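The data below hold one chain only, encoded as structure tokens and taken in the form predicted alone.
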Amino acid sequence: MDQRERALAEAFDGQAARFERAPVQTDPVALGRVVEFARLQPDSRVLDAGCGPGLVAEALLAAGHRVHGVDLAGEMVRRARERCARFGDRARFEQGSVSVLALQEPFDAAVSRFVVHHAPDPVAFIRAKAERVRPGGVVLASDHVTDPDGPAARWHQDIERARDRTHERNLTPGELADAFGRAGLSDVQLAEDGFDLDFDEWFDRGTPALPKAEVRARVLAGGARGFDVRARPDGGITIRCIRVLVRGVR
């Protein structure tokens, strides 16, 4: 691992327990949407890049596929193995980076969820996944996205970086689809839907660069497509976000 990957692994080792319980991560409807949108052939062999605690892997395994998960964070890998132990040798997990993953045979598909915004070079990350998939295989990414308007996107980016030092940049939906094209994938398809975050739950499972009160004040001072802020009567804050699924074929 390079220095940045070690920092990312350390941060997510610390976040693992809260991450695994987070409503946005565990939502069964959203997990089912990933499986449905991938449209994989039965018994596909799937690479889960940035597998976290195995939530996406579990959904894919339950749908009858085989999964090889890879994550930088050792604690995430431990939790993924524990979560998916009942699937036996259909589920395999290892600590490391997808960019250096040794390949014995190509996968039928490669997926990732909420990983692209941590990648310094999203196209390189998507290409690394695609290179490990057989010709005709599927590559899929799901991530939360930002506003196509430049000032609104910069405001959103500043908020995300203040709440979590591991954050690189949210792409717009168009940028994420374009990244698939630039990575050499064809038949690129995109779908988006909304989801809600509670500010306190979202902030508390991050790795913040600024105090919570300061980030809260910044959140209440603006808004963007993909990060629509709504103050509640109970004093809490709901943030309406946009999640995008992009699918391409190698």
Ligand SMILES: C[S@@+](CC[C@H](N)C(=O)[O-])C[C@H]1O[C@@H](n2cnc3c(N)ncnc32)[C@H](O)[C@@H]1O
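Numbers for residues come from their place in the sequence shown, where the first is 1. The shown structure was predicted, so the numbers you read here are calculated from the model rather than taken from an experiment.
The following text describes the form predicted together with this ligand, which does not appear among the structures shown.
- Candidate site formed by 195, 202 and 243: none of these residues places a non-hydrogen atom within 4.5 angstroms of this ligand in the predicted complex.
- In the predicted complex, none of the heavy atoms of residue 106 sits within 4.5 Å of a heavy atom of this ligand.
- Heavy atoms of residue 52 reach within 4.5 Å of this ligand in the predicted complex, making it an interface residue.
- Contact annotation: residue 113 falls within 4.5 Å of this ligand in the predicted complex, judged by heavy atom distances.
- Shown alone here, residue 132 lies farther than 4.5 Å from this ligand in the predicted complex, counting heavy atoms only.
- Only one segment in the set 71 to 79, 168 to 176, 133 to 141, 147 to 155 has residues whose heavy atoms sit within 4.5 Å of this ligand in the predicted complex; it is 71 to 79.
- If you take 90 to 114 and check each residue for a heavy atom within 4.5 Å of this ligand in the predicted complex, you get 96, 97, 98, 113, 114, in sequence order.
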